[in-house]
Ligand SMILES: Cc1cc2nc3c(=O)[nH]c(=O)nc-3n(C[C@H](O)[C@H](O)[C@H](O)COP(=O)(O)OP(=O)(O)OC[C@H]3O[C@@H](n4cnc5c(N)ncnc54)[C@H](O)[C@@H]3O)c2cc1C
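Only one chain comes next, encoded as structure tokens, the form predicted alone.
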Amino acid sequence: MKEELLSQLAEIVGEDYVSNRPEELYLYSRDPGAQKPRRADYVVMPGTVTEVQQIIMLANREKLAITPMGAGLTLSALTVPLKGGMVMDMKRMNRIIEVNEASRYAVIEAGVTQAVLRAYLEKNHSHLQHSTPESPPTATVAGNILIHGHGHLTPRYGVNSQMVNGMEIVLPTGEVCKLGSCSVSPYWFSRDPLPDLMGLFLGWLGTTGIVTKISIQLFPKPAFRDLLLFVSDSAELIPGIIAELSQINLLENCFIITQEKPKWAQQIFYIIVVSGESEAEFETKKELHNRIFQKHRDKVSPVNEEPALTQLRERFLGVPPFAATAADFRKGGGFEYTGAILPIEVIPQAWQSGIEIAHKYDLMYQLGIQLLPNGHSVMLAYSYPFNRAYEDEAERARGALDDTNRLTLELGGVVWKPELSAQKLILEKMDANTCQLIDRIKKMLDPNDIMNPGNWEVA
């Protein structure tokens, strides 16, 4: 039976783009995080929308699970097959179809990576940019969008899923549909004012369909850009400073970080990214932000000393910023984190508790806040490095992750891109009627339960 299915998949995509070889399934049965692997039975790489359709229709006939995958870098096993079946690797669908300079958007296929889009824009449309996340350059643009990912323009323009103008979707039953203006127009320029169906695919972790094309907004690239750096010892000060920053609402990006090593990094650092089209605009923005921190000079001071000055500039001035460095401090390359989307007022408690959880599990802490649009909330990332050569360290990382997810929910927050155990915690806490609505929508769209089954599974 397995060989017959392999043959049928090969007829769809070609022999070079389907496999059940153990050495390749090994790679597709895990991700870089601390979650335990789950065995895939097949991996298949479609090259066209028609091939995606044919694979889905075959999976429906055989009741075979499909786990769609971009680059597989979520760290929370969202592209690891919970119930076997096939991993659908979208890397071959990597065309940049259109860049519209007037309406400032790009239409791309699902396998286009962050690095490819960025390089294409720099070469052909150098005055435009997309909101680039901190993930490795091999991460896909669509993958980041579908998990409500963030980018370097998030505080100013929103999370990347808010920048979507349109989508092409292959539904779990094989039909292809377009969402947004592209459903009625040759232009992929807007998702309004039509019924907004994109929410059926954003944040659903691949359980409602497969995105094959997506339109993402582009933004002008500023002529001037720099960092302002400040340091403090008071977590209690963070909510007030965020309120003041969002009041003037002029920054490009903002990070608030601390980490255990090196020792100088144990303080609380504010990294403010300021940009402008003219030098006068740029200097005015710097002055306004400096005034905010000068008001708190008894508890906050500018960063003027090495090595903090040089290292923070090197890490955060680039696009994307090289911000996730915790994994570098131990051998083995293990790195796990959870993103807590939090109301502003609980930040001091969440901050201190994150340090305590890391020490409880004998792990080094790294905490990082990114402001979400207009400072109404934040994403507080709790990062836990571990040596993946030792299972006991991976188990401690999983324990810290679980404690942190529970903390997030206890504080009234929401876990970002939750792994399976975190999904269960969320569903236990969620309004019962909302859970049933999720269940009904999934069953309506995916009657044979083939799309990434096990995720967002309502008991």
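All residue numbers are counted from 1 along the displayed sequence. Quick caveat, the model's predicted, so the values are computed rather than measured.
If you look for the form predicted together with the named molecule, you will not find it shown, but the lines that follow are about it.
> Among 73 to 81, 188 to 196, 341 to 349, 226 to 234, which stretch has residues with heavy atoms no more than 4.5 Å from the named molecule in the model of the complex?
After filtering at 4.5 Å, what remains is 73 to 81.
> How about Phe386: is it within 4.5 Å of the named molecule in the model of the complex, going by heavy atoms?
Output for Phe386 is no: heavy atoms all beyond 4.5 Å of the named molecule.
> Would Ile108 sit within 4.5 Å of the named molecule in the model of the complex, counting heavy atoms only?
Residue-level check for Ile108: no, no contact with the named molecule.
> Phe335 versus the named molecule, in the model of the complex: is there a non-hydrogen atom within 4.5 Å?
Yes, Phe335 lies within 4.5 Å of the named molecule in the model of the complex.
> I'd like to check something about Trp416: if you look in the model of the complex, is any of its heavy atoms closer than or equal to 4.5 Å to a heavy atom of the named molecule?
Output for Trp416 is yes: heavy atoms within 4.5 Å of the named molecule.
> Among the candidate residues Ile216, Ala139, Cys254, Ile268, which is the single one with a non-hydrogen atom no more than 4.5 Å from the named molecule in the model of the complex?
Contact check passes for Ala139.
> Out of Ile272, Val378, Met86, Leu146, which one falls within 4.5 Å of the named molecule in the model of the complex, going by heavy atoms?
Result of the distance check: Leu146.
> Give, in sequence order, every residue of 90 to 108 that has a heavy atom within 4.5 Å of the named molecule in the model of the complex, or say none if there are no such residues.
Contacting residue: only Met90.
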